[in-house]
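Encoded as structure tokens, the following chain is the form predicted alone, with no partner shown.
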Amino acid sequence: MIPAPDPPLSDGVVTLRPWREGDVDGLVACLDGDEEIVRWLDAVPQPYREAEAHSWVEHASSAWEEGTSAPFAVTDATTGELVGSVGFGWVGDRDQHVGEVGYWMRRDARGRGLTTRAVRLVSEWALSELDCARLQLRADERNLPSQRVAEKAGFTREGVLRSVHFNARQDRRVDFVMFSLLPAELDLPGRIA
């Protein structure tokens, strides 16, 4: 089991907390028909309705309990409004202490630095509280905004994983840019503060 942070992770602008049933309507509003999210996250079904949202909330709750991942709802720290998602998951054998971060942000919340804030919060938590020795992040080589988020959040670009994924929606093989962040880098200038 991965214990949920108590209090929830927050920087005063965004708050990260586990998903809950009350997020279903907001989740549908965020994901149904959002072309940008659909383009890069081919695992997000379309149309995205209440049934899909309920299924995601159940999955997220199970992931926390099983200790396989920590999916967070990203909310506005002032209003509590759902603005996106960020998550941490273990890669391969947990004994290797390698984790991965993934994220999306709803259409009207993009371009305001909220995704970077959320990625910084989850990264610092994973590296300092979960004994994660390496945190990685993959972004489609064509998804430049996602790569900028990784860089602004303090991750180092390592290289390109060529033809590592098939995106059925786009009918193409995807190259992922691999980024990483190590615990010792949390305090480096220009890194997570």
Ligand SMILES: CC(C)(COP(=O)(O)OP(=O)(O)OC[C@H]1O[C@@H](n2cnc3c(N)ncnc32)[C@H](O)[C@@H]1OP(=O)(O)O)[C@@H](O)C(=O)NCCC(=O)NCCS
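Quantities reported herein were computed from a predicted structural model and do not represent experimental measurements. A residue's number is simply how far along the shown sequence it sits, counting from 1.
Unshown form predicted in complex with the ligand; subsequent notes refer to it.
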Non-hydrogen atom within 4.5 angstroms of the ligand in the predicted bound form for each of Trp90, His97 and Leu182: no
4.5 angstroms heavy atom contact with the ligand in the predicted bound form for Gly26: no
Non-hydrogen atom contact Ser123 with the ligand in the predicted bound form at 4.5 angstroms: no
Heavy atom of Ser69 within 4.5 Å of the ligand in the predicted bound form: no
Proximity of Met105 to the ligand in the predicted bound form, heavy atoms at 4.5 Å: yes
Region of this chain that lies against the ligand in the predicted bound form, out of 155 to 163, 53 to 61, 123 to 131, 31 to 39 [heavy atom, 4.5 Å]: 31 to 39
In the predicted bound form: members of 87 to 126 within 4.5 Å of the ligand, any heavy atom: Tyr103, Trp104, Met105, Ala109, Arg110, Gly111, Arg112, Gly113, Leu114, Thr115, Thr116
